[in-house]
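One chain is shown next in structure tokens, namely the form predicted alone.
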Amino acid sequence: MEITMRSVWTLIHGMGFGALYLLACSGALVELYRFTTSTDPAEPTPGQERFLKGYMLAMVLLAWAAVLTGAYVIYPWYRAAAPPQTADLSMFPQRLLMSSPGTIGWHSLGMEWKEHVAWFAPISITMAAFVVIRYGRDLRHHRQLRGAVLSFTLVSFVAAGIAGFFGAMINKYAPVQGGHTLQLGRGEGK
């Protein structure tokens, strides 16, 4: 079994940082809602508050890692220019998508989303994490701020989710290929 280094980086970007971020974000939405709107008169413990702050900080790191690896590691391989008169576009994902009316939408809508709108995910979760870290348990006494934190976390989740969907579809039709090949295992000889 073999895998190329570019495929490894695509896995790290999408399934490592991206999917893990989406899982963490869904948990954060539930925890933020519970933490800030609990009808239980008991205040959250300092341990619960520290956990939430650490959780939010980890999410910020995951979101930025996903976007930065996508923008500065995967994207240059995606945008590689094909030499003139190249017949086999499999090593040039952008050109491969643009070469067919059936797949051009994955580039024109999907990659445009990933290039521009996906940046909302790390930016909005960074804002939400800053507010949670700054206000801590006192956040439950600021209704509008609570609503903003929940809204920005939801915006981050939606932006990352749509970017993840488009990334998976783009990788299905025009995967980034090439680079050094890693041997993961050897099959039995015939």
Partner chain sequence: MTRTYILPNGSGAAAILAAGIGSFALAVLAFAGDKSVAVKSSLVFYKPTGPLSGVTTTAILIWLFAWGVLEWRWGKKTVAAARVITVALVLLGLSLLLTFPPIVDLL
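Positions refer to the first chain, counted from 1. Predicted model only: the values in this text are computed from it and were never measured.
One more form of this protein, predicted together with the partner chain, exists but is not displayed; see below.
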Residue among S100, T86, S108, S90 with a heavy atom within 4.5 Å of the partner chain in the model of the complex: S108
Check all three, P76, E115 and F130, heavy atom within 4.5 Å of the partner chain in the model of the complex: yes
The partner chain contact at F51 in the model of the complex, heavy atom, 4.5 Å: no
Proximity of E31 to the partner chain in the model of the complex, heavy atoms at 4.5 Å: no
Partner contact for A58 in the model of the complex: the partner chain, 4.5 angstroms, heavy atom: no
The partner chain contact in the model of the complex: F152, any heavy atom under 4.5 Å: yes
Within 43 to 77, the residues that have a heavy atom no more than 4.5 Å from the partner chain in the model of the complex: W64, A71, Y72, Y75, P76
